[in-house]
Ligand code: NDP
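Below, in structure tokens: the form predicted alone, a single chain.
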């Protein structure tokens, strides 16, 4: 190419050769300089970086990749060192523990699994290897009380059939351990009261695992209601149902479960409405419909429709079932909009929505938030409370209040009449310390 250009010039041959060699030399030098610069930049990029000032608490940060116009993801995860985290013993290795809770420790910043309790030692040994739990920290239901001698366990997370919640909460408190217990808290008001007393006597914390109250989308809905963003709320409709399978499972055994769809999945409607508006119902009314020819419902109820009336006059219409296609949602009807969640109560994939008028348009939005692991959020809140000696946001009193309302709902269904409840003045009366944002 260079020869062709020079040949077009009317220059003596010797002059053209001189220019060719000079230009070739300059191009080679430029190429070598460019390669040297590239190698220098590449080596700088790949070399260990020390561009951030040291942080005494061990946190790191990175500049954002997206433009300022894009959705913010929030700060980087900055988990505490393992030796500083609160240790949890997981009691019961069923679906919830294996599918949700144990994997959630990977998203925790302040919590870690340090012990397992199971009636199946072979399964427990396998799970222990998967999550780095030492064999000496595996217990069964008979030798569980010896967990008091394990300094690596701060909190016992009870994920057992409902009828076993009270027993293992009391045993955990006597062993000097704090308790995080799955919902429903127990099978009766009396059992709930025993659990609260046992933890108070032992000066241990008791928290009920109402994960929805720690989930950011539901918290945003609560804020919209409390601040009357779209005016006063007139009523709420909530549904949580599923088509349950194997008739032999413990959830369909009344002695183990205490009831059917109402305490298991209907409690989400009840507890979430209470959480959203902060009030306590003054009247309840319920109706139950169950096909006793269905082998699943020989002992427990299927469909429960219930109404909650609150001091402000607001009413919530709720429904739950063990025999219809999975549906987990609620809608809030306010003066200037309706909004809610669908799905609302699932372990993941939660979606907020809202609809409101703007000029000549009806705007329907589905805002998307960066997802958070609900189990990690609730466990880290419990860890915060243990470390700072504060009452959990969803303490035993919150679970007790739900059980009082559930017993009133059963009474209403049996007698086919509205049931009056004690009137409570104020809001958020049974909750403790707000979770950290």
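Values in this document were obtained by computation on a predicted structure and should not be read as measured data. Residue numbers count along the first chain shown, from 1.
This protein has a second form, the form predicted in complex with this ligand, left out of what is shown; the following refers to that one.
Among 123, 324, 254, 234, which has at least one heavy atom within 4.5 Å of this ligand in the model of the complex?
-> Going through each option in turn, the one that passes is 123.
Looking at 203, 136, 223, 95, which is the one with a non-hydrogen atom within 4.5 Å of this ligand in the model of the complex?
-> Of 203, 136, 223, 95, the residue with a heavy atom within 4.5 Å of this ligand in the model of the complex is 95.
Okay, which stretch from 214-222, 307-315, 81-89, 153-161 lines this ligand in the model of the complex, with non-hydrogen atoms inside 4.5 Å?
-> Only one stretch qualifies here: 153-161.
Would you check whether this ligand, in the model of the complex, lies within 4.5 angstroms of a non-hydrogen atom from each of 119, 165 and 183?
-> Every residue of the spot touches this ligand in the model of the complex.
Does any heavy atom of residue 264 come within 4.5 Å of a heavy atom of this ligand in the model of the complex?
-> Yes, residue 264 lies within 4.5 Å of this ligand in the model of the complex.
Look up in the model of the complex whether residue 268 has a non-hydrogen atom within 4.5 angstroms of this ligand, and give yes or no.
-> Contact check for residue 268: yes, within 4.5 Å of this ligand in the model of the complex.
Within a 4.5 Å heavy atom cut-off, is residue 192 in contact with this ligand in the model of the complex?
-> Answer no; every heavy atom of residue 192 is more than 4.5 Å from this ligand in the model of the complex.
Does residue 375 reach this ligand in the model of the complex, with heavy atoms at most 4.5 Å apart?
-> Judged by the heavy-atom cut-off of 4.5 Å, residue 375 is in contact with this ligand in the model of the complex.
Contact set, 333-349 vs this ligand in the model of the complex - heavy atom within 4.5 angstroms | Only 347 sits within 4.5 Å of the partner.
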